[in-house]
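Quick setup: one chain, the form predicted alone, written in structure tokens, and binding and motion questions come after.
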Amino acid sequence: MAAVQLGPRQRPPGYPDVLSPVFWRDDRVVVLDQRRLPSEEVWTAYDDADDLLRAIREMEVRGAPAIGCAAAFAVALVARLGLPAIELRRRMHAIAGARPTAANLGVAVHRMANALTMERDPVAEAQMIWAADLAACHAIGKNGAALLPDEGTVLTHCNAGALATAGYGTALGIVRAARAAGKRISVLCNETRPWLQGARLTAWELAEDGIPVNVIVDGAAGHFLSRGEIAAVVVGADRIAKNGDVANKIGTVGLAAAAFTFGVPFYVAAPGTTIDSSTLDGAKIPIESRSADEVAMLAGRHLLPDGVGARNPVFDVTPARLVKAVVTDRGVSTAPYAF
């Protein structure tokens, strides 16, 4: 693999026309290391599936749709090795289990497995998955922009923008589409502990696009909602159950409850590949837990007293009754949900 460090606003050769954190070029998978934003833009070109799988697990690439794209490319890398069928299945199973909550990952691997069974070109298939996600994000933006007022502030949580997808974004895709339609939308983004995706990634994306944005600590969201300063809350999703329950970044359910309490509409934006109709409700969604060190450490410094542990669930589940609407590339769905 080869890592290339670039300055602000620079992109690797052959970069797509839109901001995209993962794509295929010259028989390699090019990934933006999101752990190092906003201070550095570091791109890594992977030609080994195990290295790409590590990048998925270690948050170098993150966001359910982007993880799905990366997983498809990982299968394409494996498929070129000419492995026996049993070893190929084992490798694909490992890729599918890299981030268990993200529905898009399993969907992408399943589609790639079908493509291999039908002897279709795995690279072309993975690129089609990437292109389909990009198109879905634009459709989500178009479908959701009408839900936002002509002027107001949108509150977001985590990063559901171009960096979490093939490009353009889901929740931020709605913001971008609304701005393109002439709406005067600004954004307030939760910092999103422990990885600070809101502060580091969402704010970076929006600033790059010239969209007004301010960052708040996660605990301040209720304050701004209670004061009537928020027109809408728009978030992404990692998995949506058949009944409309939504798994998203930890902290989302509290945000949804506060929005419901103060009468602010709470919208979820995700491609159709995030909907898991085989999971009846949120109680059955697998919730990934990660290392306690992610909570206990900040900027290389240990925060907790000696002997004190930490728990680190990465996602929580928002009940469907708190969700005003789910916006996908297929349209806008409202309760009662039956995906």
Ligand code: MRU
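Quick note: we count residues from 1 along the sequence shown, nothing fancier. No experiment lies behind these values; they were computed from the predicted model shown.
Below, we refer to the form predicted together with the named molecule, which is not included among the displayed structures.
Among heavy atoms of Val29, none comes within 4.5 Å of the named molecule in the model of the complex. Although the partner is absent here, Arg179 is not a contact residue: none of its heavy atoms lies within 4.5 angstroms of the named molecule in the model of the complex. Of the heavy atoms in Cys69, none are within 4.5 Å of the named molecule in the model of the complex. The named molecule in the model of the complex is not approached by Gly144, whose heavy atoms all lie more than 4.5 angstroms from it.
Stretch-level contact check against the named molecule in the model of the complex with heavy atoms at 4.5 Å: of 112-120, 258-266, 163-171, 78-86, the positive one is 163-171.
None of Ile287, Leu37, Val295, Met59 but one reaches within 4.5 angstroms of the named molecule in the model of the complex through a heavy atom, and that residue is Met59. Annotation for 220-250: interface residues with the named molecule in the model of the complex are Gly236, Ala237, Asp238, Asn248, Lys249 [heavy atom within 4.5 Å].
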